[in-house]
Ligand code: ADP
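Before any questions on how it binds or moves, here is one chain, the form predicted alone, in structure tokens.
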Amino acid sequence: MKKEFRDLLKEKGRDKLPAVLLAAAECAPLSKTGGLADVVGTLPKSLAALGIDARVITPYHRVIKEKYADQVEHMFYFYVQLGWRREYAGIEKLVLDGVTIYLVDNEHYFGDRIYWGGEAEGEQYAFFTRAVLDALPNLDFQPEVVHCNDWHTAMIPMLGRTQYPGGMQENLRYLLTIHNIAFQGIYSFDYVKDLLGVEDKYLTSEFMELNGCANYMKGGLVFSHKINTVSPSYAREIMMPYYAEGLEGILNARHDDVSGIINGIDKVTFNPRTDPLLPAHFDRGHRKGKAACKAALQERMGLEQRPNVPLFAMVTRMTEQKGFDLVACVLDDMMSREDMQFMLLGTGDSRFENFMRQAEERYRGRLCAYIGYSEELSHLVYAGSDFFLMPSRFEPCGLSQMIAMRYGSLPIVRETGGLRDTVQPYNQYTGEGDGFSFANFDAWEMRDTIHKAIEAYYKKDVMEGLITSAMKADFGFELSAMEYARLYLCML
């Protein structure tokens, strides 16, 4: 155990680090739609290395049953009272890669999609919230901290502290991590009263009311003991109306309880030296394999076999939040004026998907749009590209820029949230940096930054230095776990 933890424990009169239960709607590799799952799946392993017993509780989604049913151990079952509904809840246990995961089973709520959308999703995760709270006293594990993630679990702190008088739920410490404040769980008062029995006194602006509705996220922000988000810059940004989506009031009121901790990546899964999904391997000191990956990517995607032309890539959702409107604005100018190739992997708004299909026709051999997603292909894109574009309007943390850097693809990012915190822009006077960035959400500022990246591409010494710096950057979860361990201790 690290000395600083020993000192903190001594200060608090303890002899061990707290046990932690992470509650989340998804958890990689069991169920995944985005970066939340990666965090929940990886953080417990890094916490365990520090001596923290960290476990996960998540829905037993259909995608988990299809793959892991024969590894699951049934623990117990009970019935959840959800308004007038009385629903079965089974608690199953799965140990995967040394991490204990509790699975909440209910075929009605979790037998189909991970997220239902609309009011149905509010009921889906109201059930999960109630099931977690009711299951806590009967688990073979007694946490001191419940670490909730995003709006789907944000009501756990509120209900735990207001509806379980004298129970262990009332006395637990609750942390709420905001992965994306744009999603809040907004429903009518009557709907939330019916589902969760919330008293009228809590359906006010002091507690969970916002804009005439009940807001799951706001309830969590009011009742959690600590609040954190997934980068220091995003923690500052969500204090401002532009980023806070209406929640700046409660966040500023609780300013001293809000912090930002950068996410990490799984350095075993994303390792160009050992990645089984790559046709050739490489590392910081031996990069011939990267050239082979570039050639393989060009061949697979129908791009011209040109080893010395800069290849730009995106692995993204094609939405305005991800800055795809900026790309659409200047793509034709870039492709007509610059000697470059462009590779897209992703799905999103239909207007952007159609735009990219048409662009592929106009620039066949120089531009490829793969409308869909492939985990295998994403690894090849990271390894085979020279530059990785992320022009987000906002980005709480972002993982793709970290993965790209580990594979020697230089990120080009807008200076927001976690992108600002993880990418050091190239300084032409000192040679320092590990990527490129632009400050304003402006298509032509992005376009100018891409031009500067192309200029740097043809300066061998500059590129060597940038790629070396990018691949040296350490974004493992070990650093994130240290910060979370400190936060857990400070909550006790």
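Please read all numbers here as calculations on a predicted model, not as lab measurements. All residue numbers are counted from 1 along the displayed sequence.
Heads up, the form predicted together with ligand ADP isn't pictured, but that's what we're talking about next.
Proximity of Leu36 to ligand ADP in the predicted complex falls within the 4.5 Å heavy atom cutoff. Put simply, Glu361 is far from ligand ADP in the predicted complex: not one heavy atom of it is within 4.5 Å. Heavy atoms of Gln163 never reach within 4.5 Å of ligand ADP in the predicted complex, leaving it off the interface. When contacts are judged by a 4.5 Å heavy atom cut-off, Leu159 does not count as touching ligand ADP in the predicted complex. Of the candidates Leu195, Met356, Ile403, Leu103, Ile403 is the one whose heavy atoms come within 4.5 Å of ligand ADP in the predicted complex; the others do not. Only one of Leu221, Ala214, Val315, Cys368 lies close to ligand ADP in the predicted complex, with a heavy atom inside 4.5 Å, and it is Val315. Proximity to ligand ADP in the predicted complex, taken as heavy atoms within 4.5 Å, picks out 374-382 from the listed stretches 374-382, 250-258, 282-290, 81-89. In sequence order, Thr316, Arg317, Gln321, Lys322, Leu345 are the residues of 316-345 having a heavy atom within 4.5 Å of ligand ADP in the predicted complex; the partner itself is omitted from this view.
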